[in-house]
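Form predicted on its own, single chain, as structure tokens, below.
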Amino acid sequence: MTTAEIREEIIDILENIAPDEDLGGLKDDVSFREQLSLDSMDFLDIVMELRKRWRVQVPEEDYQNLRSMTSTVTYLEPKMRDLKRA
């Protein structure tokens, strides 16, 4: 997957988890929690969706890598480079 495809996938996941949020102005370097009304359960939903859709495992100690769009894409790029949707 390309960087743009990973970003689109993250936005799709966020749209499903927080359908009332306006993601059009999402800033890449600002944490999701600062921009969106996400709680810890929503964050776990993001992790679960990555596992369900792409079979990507994110260990708990790596959760801090999923704070913003930039950090999430950077973390996921090597894991998703050669993946096809589950």
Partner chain sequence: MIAGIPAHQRPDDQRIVITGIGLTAPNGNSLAEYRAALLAGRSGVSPYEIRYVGPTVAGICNFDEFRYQKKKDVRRGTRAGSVGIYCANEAVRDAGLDWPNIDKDRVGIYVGITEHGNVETENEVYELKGFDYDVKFWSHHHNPRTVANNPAGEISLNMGIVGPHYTIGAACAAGNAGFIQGAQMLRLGEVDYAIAGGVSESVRTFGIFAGFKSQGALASHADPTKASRPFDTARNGIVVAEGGCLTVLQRLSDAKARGAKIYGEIVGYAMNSDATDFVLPNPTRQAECVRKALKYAAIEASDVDIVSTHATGTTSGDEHECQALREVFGNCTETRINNTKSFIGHAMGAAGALELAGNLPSFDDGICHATINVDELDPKCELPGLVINQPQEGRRVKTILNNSFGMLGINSVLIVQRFG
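Residue numbers count along the first chain shown, from 1. It should be emphasised that the depicted structure is a prediction, and the values quoted were computed from it without experimental measurement.
The same protein has a further form, the form predicted in complex with the partner chain, not shown here; the description that follows concerns it.
Even though the partner chain is not shown here, does it sit in the predicted bound form so that Leu23, Leu26 and Ser71 each have a heavy atom within 4.5 Å?
Heavy-atom distance to the partner chain in the predicted bound form: none of the three under 4.5 Å.
I'd like to check something about Glu34: if you look in the predicted bound form, is any of its heavy atoms closer than or equal to 4.5 Å to a heavy atom of the partner chain?
Output for Glu34 is no: heavy atoms all beyond 4.5 Å of the partner chain.
Using a 4.5 angstroms cut-off on non-hydrogen atoms, would Val30 count as touching the partner chain in the predicted bound form?
No, no contact at 4.5 Å.
At 4.5 Å between heavy atoms, is Pro19 in contact with the partner chain in the predicted bound form?
So Pro19 counts as contacting the partner chain.
Residue by residue through 36 to 69, tell me which have a non-hydrogen atom within 4.5 angstroms of the partner chain in the predicted bound form.
Contacting residues: Ser37, Leu38, Asp39, Met41, Asp42, Leu44, Asp45, Met48, Arg51, Lys52, Arg55, Gln57.
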